[in-house]
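Okay, so here's just one chain, in structure tokens, the form predicted on its own.
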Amino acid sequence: MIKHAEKIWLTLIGLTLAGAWLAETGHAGWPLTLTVAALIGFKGMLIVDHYMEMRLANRRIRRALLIFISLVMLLVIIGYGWGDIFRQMTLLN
């Protein structure tokens, strides 16, 4: 019988493989970017709540971790949508 932690672990592996498969499709676009951001958020929440056991911890610590996950998701979206602008801004020439 598979225990709860093992189910979460298998889910995380499945989501990681799904993300790798999506990356290999080569179909860049907003749907893919938003899907990857959602996968990052879902995986992050699973890790914070189940492996780090932050559901029962101090709310401030859990909130800080969830804000970090949200920032990573936001950076993925910004990187796709406005990556060329940031690249142009950071050129040395």
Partner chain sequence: MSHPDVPETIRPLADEPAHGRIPGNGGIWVGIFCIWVEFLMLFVVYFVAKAHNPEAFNSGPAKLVTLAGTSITLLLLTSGYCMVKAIEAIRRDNQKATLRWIIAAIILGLGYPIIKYFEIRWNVAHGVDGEAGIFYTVYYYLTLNHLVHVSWALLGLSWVGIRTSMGFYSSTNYRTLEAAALFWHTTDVIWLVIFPFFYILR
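Residue numbers count along the first chain shown, from 1. Everything numeric in this text was worked out from a predicted model, so none of it was measured.
Same protein, other form: the form predicted in complex with the partner chain, not shown, and the subject of what follows.
Heavy atoms of Ala64 reach within 4.5 Å of the partner chain in the predicted bound form, making it an interface residue. Using a 4.5 Å cutoff between non-hydrogen atoms, Ala38 does not count as a contact of the partner chain in the predicted bound form. Of the residues in 59-79, those that come within 4.5 Å of the partner chain in the predicted bound form through at least one heavy atom are, in sequence order, Ile61, Ala64, Leu65, Phe68, Ile69, Leu71, Val72, Leu75, Val76, Gly79. In the predicted bound form, the Cα positions of Leu17 and Asp84 lie at least 3 Å farther from each other than in the form displayed.
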